[in-house]
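As a starting point, one isolated chain is supplied in C-alpha cells, in the form predicted alone.
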Amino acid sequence: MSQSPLPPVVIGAGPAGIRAAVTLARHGLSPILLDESPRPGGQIYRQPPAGPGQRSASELYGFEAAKATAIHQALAPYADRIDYRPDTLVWNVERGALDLLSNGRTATLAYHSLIFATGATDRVLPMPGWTMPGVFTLGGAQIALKAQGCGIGSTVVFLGTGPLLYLIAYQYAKAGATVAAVLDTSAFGLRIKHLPGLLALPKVLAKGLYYTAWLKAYGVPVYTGITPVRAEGNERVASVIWQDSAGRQQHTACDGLGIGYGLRPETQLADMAGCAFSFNPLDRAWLPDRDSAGRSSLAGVYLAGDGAGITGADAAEVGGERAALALLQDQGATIDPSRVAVLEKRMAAFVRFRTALLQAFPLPAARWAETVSDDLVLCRCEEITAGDLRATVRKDQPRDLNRLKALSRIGMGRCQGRMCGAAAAELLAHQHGCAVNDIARIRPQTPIKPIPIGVTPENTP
C-alpha cells in the first residue's frame, strides 16, 4: 500500500466517524479522529458528562443500548493507533489544511485524505411563538434528557414530523414527563402509501410502529395531518394552538414544546473543502455528491453518515466503514470484495428506506411559505422577520440566497444559517414563484462556528 506521510483525518466521532477510524486502524493506518464533543457517540448516542450518578445504557438509549455501548467502547482497543482528539472544533478547511480550536488554542492540521462524518442538526420551520422560553428543537429536547437528565418541561408537546418526533415523545414519556400531545404535520395516509419502501428495513419500521403504539397505549394523544398555528405564553410557553386535519382549531396546554421537521446534514465543511453539491428534491436541500463508496468529487475526500444525507445511525456505521475501505483502496490497499458487497447491499436498503421515509414524512414547506405572517421572526440571531425578507425582495429583487443574506443579514449570526437557512430559502423561492433549488444555497463562511477572540494561536500540531 502506498501511504501518504500524513495520517488520514476523520472529522466527527459519531457512529460513522468511529467506524471509519476503527476500520482504518484495523488495516494498519493511524488516523486522527477529531470531534467537537467531549465524549464519543455523536448526537444519537450522546453520553452525559463524566462523573457520579451515571445512568445505565438502557436508561439512556432504550432498545439501542447495546449499539450505543459498542460505539462508545469501539475506540478503546485501538487507543495506540487512533489519535482521538475530543473537544476539538474544526472551524475552517482551506488548501489541504484544517483550522482547529481546542482548549482555547488554535492550530492547523494538514491532511492528504479526509473523511467527513459531520452528522446532522435539526431542521426547523419557524412558527409564531417559537422564540419564547420553553420552546426547543427536538434535538435540544433530546440533549436535555440524555446529557443532563432533565426535561424541557413537565407537560410537553412535540410538534413537527418524522420518526424523531415519536422517538423523543416516547423517551420523555418513559422518563416520567406528561406528553400532552404529539402533533404531526404529515398525513397518516402517506405512511400507508409508502409502506412498501419502508419495508426495506422491517426491523426499523417495527421500532417506529412500536413507539407509536406505545404512546397511544399509554394515553398520549397522537394527531396527524395537523397545521401549527402558534405557541402562546407570557414568561414561557403555556400552550400550543393548532388545526386538526379537518381544519378545526385546537388548544393544548403545556410548559415545554419541542419542534422539528427531521434533520438536515451538516455540510459546511464539505462545502468549504470544495466538494461538488447537487440538489435533492426529497430532502429539499443541497447535498454533497458522493458515489456508493462515499467518495466525494475531490480526490482523497470522503463522506459518511448523516453529514452527506440523513439515513440514521445504523446506516452511518455502514457508511463509515465503506468510506474507510474506499480510502484504503485508493491508497493501494487490498480490501475484501465480499465485505464491500455486504456493505453496499445494506446501504442500498437504507437508501430505499430513506426515500420512502422522506415521502411519508414530507417537509410542509409550500404550505408554510404561503401562510407565514410578516411579523414572524425567521432569524433569531439577527432578529430578521418574514416581513423584512419580503420587503428586501420587493425593493432589491435578490434571486440568490447569498444576495438575500448580504442585503438582509439573515444567516449572518451565530448559527450561520443552520436554523434559518431552510426557511429563508423556502420564502425567497415562494416570493419569486420558483423552485427552491433555483435560488442557490447559503455559502459557508469562516469560522463555521464562533471562536473566542482571546484564543492563543499555535503552530501546526
Partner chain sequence: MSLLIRYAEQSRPSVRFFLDGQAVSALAGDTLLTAVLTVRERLRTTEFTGSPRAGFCMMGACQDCWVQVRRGDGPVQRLRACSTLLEADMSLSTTSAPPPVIAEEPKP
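Residue numbers count along the first chain shown, from 1. Note that the coordinates shown come from a computational prediction; the quantities given were computed from them, not determined experimentally.
One more form of this protein should be noted, the form predicted together with its partner chain, which is absent from this view; the next part is about it.
- You can rule out all but one of 51-59, 398-406, 65-73, 23-31: in the predicted complex, only 51-59 has residues with a heavy atom within 4.5 Å of its partner chain.
- Taking the partner from elsewhere, residue 429 is found to have every heavy atom lying beyond 4.5 Å of its partner chain in the predicted complex.
- Interface residue remark: residue 447 is not counted as part of the site for its partner chain in the predicted complex, having no heavy atom within 4.5 Å.
- Residue 383 belongs to the set of residues with a heavy atom inside 4.5 Å of its partner chain in the predicted complex.
- Not displayed here, its partner chain is approached by residue 137 to within 4.5 Å at the level of heavy atoms in the predicted complex.
- Although the partner is absent from the chain shown here, none of 83, 276 and 298 has a heavy atom within 4.5 Å of its partner chain in the predicted complex.
- Exactly one listed residue, out of 393, 424, 44, 419, brings a non-hydrogen atom to within 4.5 Å of its partner chain in the predicted complex: 419.
- Only one of the listed residues (185, 212, 311, 121) places a non-hydrogen atom within 4.5 angstroms of its partner chain in the predicted complex, and that residue is 121.
- Of all the residues from 160-190, those having a non-hydrogen atom no more than 4.5 Å from its partner chain in the predicted complex are 175, 176, 177.
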